[in-house]
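Presented below, as structure tokens, is a lone chain in the form predicted on its own.
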Amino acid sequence: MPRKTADKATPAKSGSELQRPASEMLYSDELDRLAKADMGQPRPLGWTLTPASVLKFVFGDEALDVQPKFVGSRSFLERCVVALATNRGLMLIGEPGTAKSYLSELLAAAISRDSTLTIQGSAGTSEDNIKYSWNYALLLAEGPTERALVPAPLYHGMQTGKIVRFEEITRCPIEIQDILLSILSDRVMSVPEMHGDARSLYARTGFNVIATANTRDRGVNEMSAALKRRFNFETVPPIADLAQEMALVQREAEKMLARAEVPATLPPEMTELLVTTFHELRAGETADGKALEPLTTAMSTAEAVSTAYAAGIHAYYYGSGTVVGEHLVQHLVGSAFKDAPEDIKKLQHYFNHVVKGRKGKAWHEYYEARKHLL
């Protein structure tokens, strides 16, 4: 199979030269069609789409040629959208890899047409990373002026009336989290260094906050009761339906391979092997009801997509261009073994007692590739 190379003289379209374009760039045509269909319809102040079109953007709409991007219940997503139209923020919690961050990005792209106002929570996140800081050269030369002020995502979001995303908020110390208390209550940010009207920044319509929290991190820096009251909490569950999960992994992996200009083939039977493995090890139970010891690592749908993508890259550069069981097993190792050494024994047990008994050529080749589980 000939290797495809990028034409350097050809200008990139829709952010194709970027490794990971923002959703508002990647799906700009879809957002344009939805906005056009929305003309004349009532919408919350400051929103670029109606709540109904936000759902269409996330779940897809065949009539408007909008592709589905997230698997979940309609009632769950309706509650998320309604929460963002109120005076409370939205808190998305769930296991690692359940697409909390991706959902927050999609909602911000649909509501504000800007998903880039993002604060990444960590032990090192400071107030400057959240609100604003100063250009110290200008601060010394001019004093505290608007030119000297360097806005952070929260300042930008309030100033322009857009959604701000706070990823993994519980990884921040509680005193950093509580910076949001007065913002979410009064919708005003105090800038005490400034003078006159500039001392207070009032949030424009459309501003709100979507925060995410990993259930495995909860308790590391537990949120204060006061901050919890300022959010509507919604849990993002793992995908329960195997067929839906397979369809999502197939679609997303093929999309990633296409963006990388890698014409590798991911046969549906390979997707079935991969997703079934992740699904059963995550649930701690086989399809026929036999108990399994789940891995310490979260065997999430996001990890399955990454594994399928890596297998496609491997098949293209080191194989025939078609993913086989051996490629899946080699990259399953990197996905599964992150937290505990004993997970290798659990995975070996799964292959020796579950995969071994499965019928079909694909399952047999998958079992034979267990030699890579070192």
Partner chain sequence: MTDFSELVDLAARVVFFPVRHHSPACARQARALIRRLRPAAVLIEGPSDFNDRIDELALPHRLPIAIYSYVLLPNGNRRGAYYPFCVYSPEWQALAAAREVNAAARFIDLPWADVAAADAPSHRYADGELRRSRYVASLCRRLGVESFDALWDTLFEVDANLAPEEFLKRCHAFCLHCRLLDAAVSDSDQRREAFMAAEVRQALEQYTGSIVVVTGGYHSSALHARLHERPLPGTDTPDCTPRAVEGPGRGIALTPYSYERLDSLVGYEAGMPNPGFYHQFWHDREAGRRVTHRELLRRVAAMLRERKQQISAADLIAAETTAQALAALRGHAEVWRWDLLDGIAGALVKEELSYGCAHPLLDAVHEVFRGGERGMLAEGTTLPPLVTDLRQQLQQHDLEPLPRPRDLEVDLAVPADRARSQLLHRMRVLGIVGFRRDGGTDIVGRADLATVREQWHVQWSPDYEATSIEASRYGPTLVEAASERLGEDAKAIERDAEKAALLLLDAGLAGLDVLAGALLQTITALIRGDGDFFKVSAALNHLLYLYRYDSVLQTAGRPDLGTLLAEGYARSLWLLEGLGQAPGRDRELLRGVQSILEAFERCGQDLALDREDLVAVLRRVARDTAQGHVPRGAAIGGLWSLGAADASEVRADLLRFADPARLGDFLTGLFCLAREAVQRHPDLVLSLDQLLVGYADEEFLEALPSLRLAFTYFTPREKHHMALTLLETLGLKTERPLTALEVSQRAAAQALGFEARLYGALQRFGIRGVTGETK
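For the two forms, the rigid core is made up of the largest set of C-alpha atoms that agree within 1.5 Å on superposition. Here the structure is a predicted model, which means the values were calculated and not measured. Residue numbers count along the first chain shown, from 1.
In what follows, reference is made to the form predicted together with its partner chain, a form of this protein that is not presented.
- prompt: Taking 4.5 angstroms as the cut-off for heavy atoms, does K131 touch its partner chain in the predicted complex?
  reply: Although its partner chain is absent here, K131 would stay clear of it in the predicted complex, with no heavy atoms inside 4.5 Å.
task: Indicate whether H279 is a 4.5 Å heavy atom neighbour of its partner chain in the predicted complex.
output: Output for H279 is yes: heavy atoms within 4.5 Å of its partner chain.
task: Tell me, yes or no, whether R147 is in contact with its partner chain in the predicted complex, where a contact means a heavy atom of each within 4.5 Å.
output: Taking the distances in the predicted complex, the answer for R147 is no, it never comes within 4.5 Å of its partner chain.
- prompt: Any of the heavy atoms of F233 lying within 4.5 Å of its partner chain in the predicted complex?
  reply: Answer yes; at least one heavy atom of F233 falls within 4.5 Å of its partner chain in the predicted complex.
Residue stretch of 262-270, 190-198, 137-145, 233-241 approaching its partner chain in the predicted complex, non-hydrogen atom distance within 4.5 Å: That would be 233-241.
query: in the predicted complex, does each residue in the set R33, T205 and H314 place a non-hydrogen atom within 4.5 angstroms of its partner chain?
result: Negative, none of the three is within 4.5 Å.
- prompt: Just one of M246, A298, I93, I119 has a heavy atom within 4.5 Å of its partner chain in the predicted complex. Which one?
  reply: Here the answer is residue option I93.
task: Could you list which residues of 42-60 come within 4.5 Å of its partner chain in the predicted complex, counting heavy atoms only?
output: P51, A52, L55, in sequence order.
query: Relative to the superposed rigid core, does the CA atom of Q67 travel 2 Å or more between the shown form and the other one?
result: Stays below the 2 Å threshold, so no.
task: Classify Q159 as shifted (yes) or not shifted (no) between the shown form and the other one, where shifted means its C-alpha moves by 2 Å or more with the rigid core superposed.
output: No.
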